[in-house]
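What follows is a single chain, given as structure tokens, in the form predicted alone.
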Amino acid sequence: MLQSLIIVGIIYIAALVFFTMSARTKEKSSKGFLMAGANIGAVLGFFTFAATLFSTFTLQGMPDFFRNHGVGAWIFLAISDAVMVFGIISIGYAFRKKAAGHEYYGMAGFMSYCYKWRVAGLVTFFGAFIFLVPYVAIQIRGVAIFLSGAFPDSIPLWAGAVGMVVVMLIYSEIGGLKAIIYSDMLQGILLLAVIWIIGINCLNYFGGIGPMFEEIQQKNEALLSVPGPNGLLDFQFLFGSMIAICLLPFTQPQVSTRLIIMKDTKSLYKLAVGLGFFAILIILPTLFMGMYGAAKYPDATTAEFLNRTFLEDQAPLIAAFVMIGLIAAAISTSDSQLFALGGEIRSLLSGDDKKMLGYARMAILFFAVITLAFALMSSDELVLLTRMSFAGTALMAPMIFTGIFYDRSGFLKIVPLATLIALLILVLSLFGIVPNTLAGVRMDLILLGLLALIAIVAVGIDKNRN
């Protein structure tokens, strides 16, 4: 496999270098570097959006999630993504229209503009930073674990993590967002091909979909219904996950940026429809992988299951493509998120554009170092950590939607303040300092409901006062 890995790796790096140099321009403005000129067509937009959403979390996290929690994971992700598509279509137009009157570099600056209050932007940045760093870190850690397991005597976990961070910093700093978008296209194609090859191989192990479910029923029938063998996939978890996921395009800056950089609304709608099909195509084979693991490796650790399923049970050439695909997926998502945090910093700054862009680029480097440290210390629960990130950023939705759909500020300043308090409470609940449920209801759902109510009441009061 090592020889195949070297050959595939060289081809991938060559393609990455080509795209990076193609994206490099002499113009060093914030719009060119951070927003790719804000003139992206439907095809490139679709690939960069899909690659940002579906990455290591999907290829590594979802098979293990299916293996441990059963077919209810389909409700968790596939149906939630379908709802998200409708959100992009219905809210995306209003978002772009409101942002057209503002020099958009990030959601933090946009919220400062909407509320005419800098604190709103700082709250937005705080929420993005606190919950995106773990999300980026698990992408890096997931692949580092995989590489370390494949080459235990050659690649320690820390070396794989450091290598990935260095690679993504190099090409994103050289080519900016456009280089990331080109790499996203490469990653999206590679990920789709790899995930289906492995998925079909796993399905062939059973002899078809029917025999697959029959065998799983005999071995662990709880995997075929909710809430699953571990009781995780109850109504609250699934409903809360759906809300958090369908809010992603507006609450996570690496995704909202991709709505803004589309050249027109028609391209945005094409992107949304394509994303719906891609979601089903990318998640379905992870179900086959999960059921394969449940039948063949039910007691294996996450690392053992992934290494056996993706490497040991595959032909060497396929295993090599899997490893490169995983690295590409993790880099694609991680650099988008780190880059977005840099954009959030730029959106809060005013002054000479060249100087402010320099600060943003230094911030990207700073965020990369923090993320690397977190990746080396975090746990291996990729899906649950990702879900935590989704839930955390979702708390900003009432504030963001109020800013998008309501023009006046006035009494609405209470909404960002309430959002900050909710974010802090959720963080405390994650550390066990405050309960993570109240009267049997999940804390993230309670906080999101309260924030929505506060936003509605604040708009009503503000309208009456004006």
Partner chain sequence: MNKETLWKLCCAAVILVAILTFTPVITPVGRYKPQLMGMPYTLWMGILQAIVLVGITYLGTLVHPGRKND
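Values in this document were obtained by computation on a predicted structure and should not be read as measured data. Positions refer to the first chain, counted from 1.
Only in words, not in the display: the form predicted in complex with its partner chain, which the text now covers.
Shown without its partner, this chain lists 284, 311, 317, 170 as candidates; in the predicted bound form, only 284 has a non-hydrogen atom within 4.5 angstroms of its partner chain. Here is the short version: of 93, 158, 117, 374, the single residue with a heavy atom within 4.5 Å of its partner chain in the predicted bound form is 93.
In short, of 70-78, 388-396, 149-157, 325-333 it is 70-78 that has heavy atoms within 4.5 Å of its partner chain in the predicted bound form.
Its partner chain is not shown here, but in the predicted bound form it comes within 4.5 Å of a heavy atom of residue 225.
In the predicted bound form, residue 207 stays away from its partner chain, with no heavy atom inside 4.5 Å. Its partner chain in the predicted bound form is approached by residue 280, whose closest heavy atom lies within 4.5 angstroms of it.
Its partner chain in the predicted bound form is approached by residue 276, whose closest heavy atom lies within 4.5 angstroms of it. Residues 227, 235, 238, 239, 242 are the members of 227-244 with a non-hydrogen atom no more than 4.5 angstroms from its partner chain in the predicted bound form.
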